[in-house]
Every structure is written in C-alpha cells, then in structure tokens.
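Presented below, as structure tokens, is a lone chain in the form predicted alone.
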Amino acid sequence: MAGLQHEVDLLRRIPLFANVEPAKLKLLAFTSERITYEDGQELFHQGDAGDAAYVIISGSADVIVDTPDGEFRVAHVDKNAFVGEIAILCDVPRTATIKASERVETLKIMKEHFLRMLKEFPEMGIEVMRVLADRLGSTTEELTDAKNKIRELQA
C-alpha cells in the first residue's frame, strides 16, 4: 500500500490534481499504470490515437512535431508535467510526439479514468483550461516572435 500512497503523493504535486480528494486520487493512482521510458523512447507519436495522458514522475522529455523538413522540437517538459491530454479531451490524433530525453518515469492515465475525474471534479476542468490557455499563450508569443524575425530578415 506504500506504493499506492507514494503515487497519490506524486499526483497531488501536479497542479491539476492538487485539490482532488485523497480517496479519488487513490482510485486514479490504482487505475493508472507506471511506465518507464529510456532516453530516446517515445511515450507516444504524433498522429497516434489518444488513449491516455501521462504524468511525468521523474526525468524529462521533448515535445516534437513532424514538419516537411523533419522533426522539430517545440518544447521540453520535466517532472510533474502532464502530457497527452489534448488528444483525449478533443478526441483528435496526437498533436505531437513526446520523446524521453533521459530516463523518464510516468503514470499513464487512461482516457476513461481521466474524463471521469473531470466530470466529478469541475475544478480539475478549470485547471486543464488554465494549462491549455498558458500553452496557447506561449505558442502565440513564440509565433509572433518568429514572424517578427522573418520580417526583419526580409527587410
């Protein structure tokens, strides 16, 4: 049972799950699968069906998108990051590849369990929206910077 409590404690550190009652986190931890990926291994690949989201317990990974010129790293995620939720929330194929940049331990949360938690805890839904809005804001800022640099180069 110490292992399960340890995973509950890990989940509680993720802002998304911080306000969820311990009994529900215990259920989520119990229904989640702990998976380790070695450096260079993919958690999932862009275009795959979204069946689960992942909490990074330890290590870090790169967020990579496929482009006509090959793979392009768009972000780097570390311990306590939550990845893979876009595909399960929007019911779309994976929008990026997540590749371990070192040994990574994760908790894999299946789609049906994650969606049940969102229904039972509206504050989790608000936190998901906050995380996605932050990502969108960062992406918009990066795109604006890139567009300005292109204009400068063209001038």
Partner chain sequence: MEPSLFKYILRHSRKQQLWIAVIVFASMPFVLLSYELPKQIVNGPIQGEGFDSPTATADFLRLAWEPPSFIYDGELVFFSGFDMERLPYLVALCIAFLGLVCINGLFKFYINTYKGRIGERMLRRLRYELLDRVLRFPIAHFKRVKAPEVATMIKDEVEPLGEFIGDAFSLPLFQASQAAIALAFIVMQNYWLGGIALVVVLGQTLIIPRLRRQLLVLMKRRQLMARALSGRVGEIVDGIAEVHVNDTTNYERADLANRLGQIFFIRYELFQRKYFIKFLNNFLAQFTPFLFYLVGGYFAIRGSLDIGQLIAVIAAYKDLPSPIRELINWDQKRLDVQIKYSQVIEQFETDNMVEPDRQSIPDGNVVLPLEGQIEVSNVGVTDDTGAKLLERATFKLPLQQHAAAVGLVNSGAETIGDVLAGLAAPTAGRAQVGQYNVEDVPAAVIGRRVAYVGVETYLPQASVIDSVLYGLKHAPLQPPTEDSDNIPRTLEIAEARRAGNSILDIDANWIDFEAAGVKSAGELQHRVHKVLEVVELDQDIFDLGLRGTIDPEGAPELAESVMKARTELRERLLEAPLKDLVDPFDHEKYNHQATLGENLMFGTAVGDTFADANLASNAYMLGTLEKSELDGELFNMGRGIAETVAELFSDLPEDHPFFEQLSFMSSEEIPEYKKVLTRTAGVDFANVKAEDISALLKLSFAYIEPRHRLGLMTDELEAKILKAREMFRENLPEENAGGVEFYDEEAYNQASSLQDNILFGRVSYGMAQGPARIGEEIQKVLTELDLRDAVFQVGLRFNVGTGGKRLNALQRSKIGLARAMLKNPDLMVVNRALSSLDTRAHEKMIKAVMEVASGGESGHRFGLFWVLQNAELARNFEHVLVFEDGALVEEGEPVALAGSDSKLSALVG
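What you see is a predicted model, and the numbers here were worked out from it, not measured in a lab. Numbering follows the first chain given and starts at 1.
Separately, the form predicted together with its partner chain exists; it is not shown, and the next lines address it.
Annotated contacts: 3, 32 and 35 all touch its partner chain in the predicted complex [non-hydrogen atom within 4.5 angstroms]. Screening 86, 27, 49, 65 for any heavy atom within 4.5 Å of its partner chain in the predicted complex leaves a single hit, 27.
In summary, among the residues 117, 100, 56, 96, the only one with a non-hydrogen atom within 4.5 Å of its partner chain in the predicted complex is 117.
Though the partner is left out of this view, residue 60 does not reach within 4.5 Å of its partner chain in the predicted complex, counting heavy atoms only. A residue is said to contact a partner when one of its heavy atoms sits within 4.5 Å of a partner heavy atom; residue 146 fails this definition for its partner chain in the predicted complex, lying far away. Its partner chain in the predicted complex comes within 4.5 Å of a heavy atom belonging to residue 23.
Residue 124 falls outside the set of residues with a heavy atom inside 4.5 Å of its partner chain in the predicted complex. Partner contacts here mean any heavy atom within 4.5 Å of its partner chain in the predicted complex, and among 126-134, 108-116, 87-95, 65-73 they occur only in 108-116.
If you take 127-142 and check each residue for a heavy atom within 4.5 Å of its partner chain in the predicted complex, you get nothing at all.
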